[in-house]
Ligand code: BMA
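Consider the single chain below, provided in structure tokens and representing the form predicted alone.
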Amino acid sequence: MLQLKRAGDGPVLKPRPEVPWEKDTVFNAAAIHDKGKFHLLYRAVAHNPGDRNRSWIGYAWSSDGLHFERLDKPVLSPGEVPEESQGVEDPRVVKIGRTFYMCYTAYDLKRTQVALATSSDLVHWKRQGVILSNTVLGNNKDASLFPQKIGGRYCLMHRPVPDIYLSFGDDLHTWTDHTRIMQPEFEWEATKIGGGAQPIQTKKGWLLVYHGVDKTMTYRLGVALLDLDDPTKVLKRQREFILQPELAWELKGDVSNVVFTCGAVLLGKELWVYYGCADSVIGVAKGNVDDFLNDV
């Protein structure tokens, strides 16, 4: 059974009071390991007058995965297109070929829609627009591409409440074959579930670290395994959660009782899961992935 243990002495990223766009909270970071470094694309919120709790996306990098440097300016800002007037939220990043693809939530106070941006360096991003609108399955979020085509087609994970879906497309804007692959099953995820970290390829299947919300609105993390050739097939789903809010900065914050991931890194057998703590700071927890995969 996989259980995550927290790494370090506290959060790996906190808000910077002197930086206007991230002075109050940082959380829900995409994570990817590339060219020997850990990279985070994180959501930041500033409670500024007139901003109405808008969200930005910032960029941080690290050699050891625990101590991060970061840019002073956001890499993606709200308000540049109408669909993102209220924020750019909860990024998830994969690399296909030489290009990084970032799915994120475009929010305009009324709609949450899946948007996409691309980059060659994780700093300079080009918007590709909304790729899955609220007209398809209603308000949608918690989206990530798979890091490679499957059967010659792109595969997109997303979450129309309360279940996790996959969709497939020949390009990045037209999606078909919408398939529900997981729905709430256990008590700790009774209210809703959603995609967490980007799907990670292992020899035994696609590893999916996801979140579940119980009837008290406490957010926990769980783990599942999808078939490599047909990810609509769930090969295994651990009944027990792998992380729950326990520490002070996970139990109390902008949204209390929350651990929520948008990104993880697999180095050998060691799984590093970066997670938002109470929508206020970012932590990291580790586990041996074989504790989950060995009996598959």
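Residue numbers here begin at 1 and follow the sequence given. Treat the numbers as computed from the prediction; the structure is a model and nothing was measured.
Below, we turn to the form predicted together with beta-D-mannopyranose (BMA), even though it does not appear here.
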{"item": "Interface residue in the model of the complex among F260, F38, Y59, W56, criterion: non-hydrogen atom within 4.5 angstroms of beta-D-mannopyranose (BMA)", "value": "F260"}
{"item": "Heavy atom within 4.5 Å of beta-D-mannopyranose (BMA) in the model of the complex - residue from R153, R111, K204, K192", "value": "K192"}
{"item": "is_contact(V255, beta-D-mannopyranose (BMA)) in the model of the complex, heavy atom dist at most 4.5 Å", "value": "yes"}
{"item": "Partner proximity in the model of the complex: D279 to beta-D-mannopyranose (BMA), non-hydrogen atom cutoff 4.5 Å", "value": "yes"}
{"item": "beta-D-mannopyranose (BMA) contact in the model of the complex: R127, any heavy atom under 4.5 Å", "value": "no"}
{"item": "Y104, heavy atom within 4.5 angstroms of beta-D-mannopyranose (BMA) in the model of the complex", "value": "no"}
{"item": "Within 4.5 Å of beta-D-mannopyranose (BMA) in the model of the complex, all of N28, R43 and Y219 (non-hydrogen atom)", "value": "yes"}
